[in-house]
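Quick heads-up: it's one chain on its own, the form predicted alone, in structure tokens.
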Amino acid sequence: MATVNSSTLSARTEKKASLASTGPLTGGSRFVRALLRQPVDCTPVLFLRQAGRYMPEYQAVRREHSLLEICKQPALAAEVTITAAEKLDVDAAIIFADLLLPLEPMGLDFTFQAGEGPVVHRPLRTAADIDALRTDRTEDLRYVADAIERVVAHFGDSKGMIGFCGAPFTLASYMIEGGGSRNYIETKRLMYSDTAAWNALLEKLVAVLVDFARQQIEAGADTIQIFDSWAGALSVTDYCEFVLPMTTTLVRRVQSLGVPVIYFGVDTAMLLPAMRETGADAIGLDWRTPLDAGWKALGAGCAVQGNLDPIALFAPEKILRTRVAEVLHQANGRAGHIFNVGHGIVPGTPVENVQRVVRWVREISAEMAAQRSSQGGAR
């Protein structure tokens, strides 16, 4: 179990306190340098859902505790986070939490039901429902920051520390639909028919999410990743009209707290140029678009995260290594690439394959860097 080292924590706290006057975080871990598009010795690697049901250590904790119990007990959340990051030897730890945690202090209770995922018991349907949402109880989420403090005290600057939150559209869709959805009928119905109520909902979410992000940053998070899991359900027109403005507000306000922002969505190939307009420092790419094509759509001045198909982790070694090399060759050593899967690791994934990918990313990217250096010297 991790324990808080007061001197390490104090140093990180002072570092965060100076960000407002000194600008974005510089130096630090390989992950942070890549995120800021600075030179690295080899490509940093991490995984979405790297602490999850595919890992025996996590399964053992889950036999004793529910998902929400783990999230709300900082010692447990830190233990799960640290165990995964150490076992995989990745370059950054991602705090164990859930996107929907901010719903409770806003006044919406939810549970996780086997086979159904999260269920919001009283979904929003009217402007009055939205008016009743609270934005003054973000302190109730302090347990996430407490868990981050423990992880930071354990790793210091040896690994990056990633905090996260859901994006306004994705959280709004859960709140309105009452859970996951295939067509987002109720969400789009409200979005189209009562724009004032829709904007009011997103404004309340942004207010809560900024405070939530601030807590995580003050606790030591090097970056905040904003997950827009369901943005791919939108057309480009609807995204730009109904989602982009408030998402941009969230991104810019989090950046103003002194850390870079990663913005990620699923099935968002057509949205990438619009997502870039948020000004996020890095965009997460899902696996459906070749990394080089996705990066080209985003343009210069942006880091990228991704984008191995998570199901490729089930493939035989030869095929898996080929897929890893393909992603790295598409990145071509360009500053600002963070290797990741193009969505979360799924249950049943062989842990040994995930560990192999970490080794291969470092081996292949270091070899590519050496080749480029040699070719440059020859000229």
Ligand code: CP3
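Just count from 1 along the sequence shown to find any residue number. These numbers were taken from a predicted model, which means no experiment stands behind them.
Keep in mind the form predicted in complex with coproporphyrinogen III is missing from the figure; the text below concerns it.
Proximity of His343 to coproporphyrinogen III in the predicted complex falls within the 4.5 Å heavy atom cutoff. Proximity of Leu103 to coproporphyrinogen III in the predicted complex: non-hydrogen atoms within 4.5 Å are absent; the residue sits far from the partner.
The shortest heavy atom separation between Asp98 and coproporphyrinogen III in the predicted complex is within 4.5 Å. Though the partner is left out of this view, Phe164 does reach within 4.5 Å of coproporphyrinogen III in the predicted complex, counting heavy atoms only.
Distance criterion of 4.5 Å from any heavy atom to coproporphyrinogen III in the predicted complex singles out Arg53 from the list Arg334, Arg323, Arg53, His329.
The single contact residue among Phe242, Trp287, Trp230, Phe155, judged by any heavy atom lying within 4.5 Å of coproporphyrinogen III in the predicted complex, is Trp230. For the three marked residues, Ala312, Phe314 and Gly348, no heavy atom of any sits within 4.5 Å of coproporphyrinogen III in the predicted complex. Note that among 34-42, 315-323, 349-357, 61-69, the stretch whose heavy atoms approach coproporphyrinogen III to within 4.5 Å in the predicted complex is 61-69.
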